[in-house]
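First comes one chain, alone, set out as structure tokens in the form predicted on its own.
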């Protein structure tokens, strides 16, 4: 019998009733991991030596899961998706991993990712491209590609990812599952390789909003070792889910949903936007208020450039730790300078190297005002525009990206669609909680709707997503089923 395609709460009930054992769950997850690895390259490491958990009171006890290979895991290879750390085995866990372990969850795999989270395709990691279980010729998106792949393939009910530039939510959309990034600082990033520190979020990929809420509930809370965390004692994500949307005020941004802003739109993009508007009309037909609003198009068009500048600058600073001197394989050379250069030359991929060069350039004294500080001002203007929306609305709806997963043979963005392609970054700019849920199929492939709420109001956001999810037929999807 197949168990791992079920929800967390269903599995917990089976464990409590004694209808399945922790060992059976773990054995199934490990077996499926190897099958999925062979087909789709979802894993850096399958933790074959993992021990079954014990079925306890916590709903996650004895439930196997996976974690993006950017989370430090004691005694388990942690590469950050980079050749520069191909043999690095940490002596400690990330805080999020520890909190799941305290609940009794069982780490069964470390999943493939874009190198150090740089990239949104799932194709830049040191162990190769991740293929989408819905169509192996297509990508899963990144950086949390392997986690999305494993969940949609039914390896286990949830996996961890990170979201710095839509990199939990975009893979979720491409794979027809749920991707949730909480308010900035809700989950400690201690023990997670830093990318763009002011935008890095821990996140969850799951097959339902309820499962995502359960996992985030378990990981959230202050951490003395992460000064960006905050007190979440009064936040209870799973308990807040009742699906009641009465009185909620939602909106969508015209510039992100109307094909008139994309004159070069192909039929796929038009179908994606039409599918989104069908769901808006469905909500309205059920008596839910969904208003059309407008945001300055110049701000939306600036999002990719703002992200590129700030992202490169902060990544350059964080990646200075990758020297081969502290951890990772040491480079060759007569002194530390030569060893450092040799390690980075051989160990880092081309995309990461380009990011370091660009970041170093925008941070030069003579360039900071023109590039870095201008980007910071642009970020503030964009965030302020969304904060204005949250004065009147509980959440903003938008199409997730530009449609279904792209072909691995063509990872380039479609010209003229950058504004929509990168709209998910706005939630990272402002630290807003944001979730992508599946909302249908276009050309036989899953697509998603992204819902973003105001900071610290994750309960409202998830309940809105839970209510909308309940009106559609796409919860609990496994690749190849439910089209």
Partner chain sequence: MIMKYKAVIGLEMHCELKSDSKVFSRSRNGYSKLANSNVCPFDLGFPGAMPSLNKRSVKEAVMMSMVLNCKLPEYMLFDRKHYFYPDLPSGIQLTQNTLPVGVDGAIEIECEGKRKTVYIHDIHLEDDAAAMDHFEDTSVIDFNRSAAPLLELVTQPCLYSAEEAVAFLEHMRSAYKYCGTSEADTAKGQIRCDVNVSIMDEDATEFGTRVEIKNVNSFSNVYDAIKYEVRRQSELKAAGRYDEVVQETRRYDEVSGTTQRMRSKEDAVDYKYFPEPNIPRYRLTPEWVESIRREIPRLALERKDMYTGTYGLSDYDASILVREKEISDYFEKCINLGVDPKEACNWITVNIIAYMNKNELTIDEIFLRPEHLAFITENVKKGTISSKQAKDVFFKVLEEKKEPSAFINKENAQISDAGELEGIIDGILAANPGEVEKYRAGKDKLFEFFVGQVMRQTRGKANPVVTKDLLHKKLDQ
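Positions refer to the first chain, counted from 1. Fair warning: this is a prediction, and the values are worked out from it, not measured in the lab.
Quick note: we don't show the form predicted together with its partner chain, though the next part is all about it.
Between the options 407, 227, 293, 274, the residue in contact with its partner chain in the predicted complex by a heavy atom within 4.5 angstroms is 227. Residue-level contacts in the predicted complex: of 402, 72, 183, 124, one residue has a heavy atom within 4.5 Å of its partner chain, and it is 72.
None of 255-263, 102-110, 190-198, 386-394 except one has non-hydrogen atoms within 4.5 angstroms of its partner chain in the predicted complex; the exception is 190-198. Among heavy atoms of residue 323, some come within 4.5 Å of its partner chain in the predicted complex. Although the partner is absent here, residue 314 sits close enough that one of its heavy atoms falls within 4.5 Å of its partner chain in the predicted complex.
Interface membership of residue 318, defined by any non-hydrogen atom within 4.5 Å of its partner chain in the predicted complex, is confirmed. Among heavy atoms of residue 86, none comes within 4.5 Å of its partner chain in the predicted complex. For the stretch 122-136, the set of residues having any non-hydrogen atom within 4.5 angstroms of its partner chain in the predicted complex is empty.
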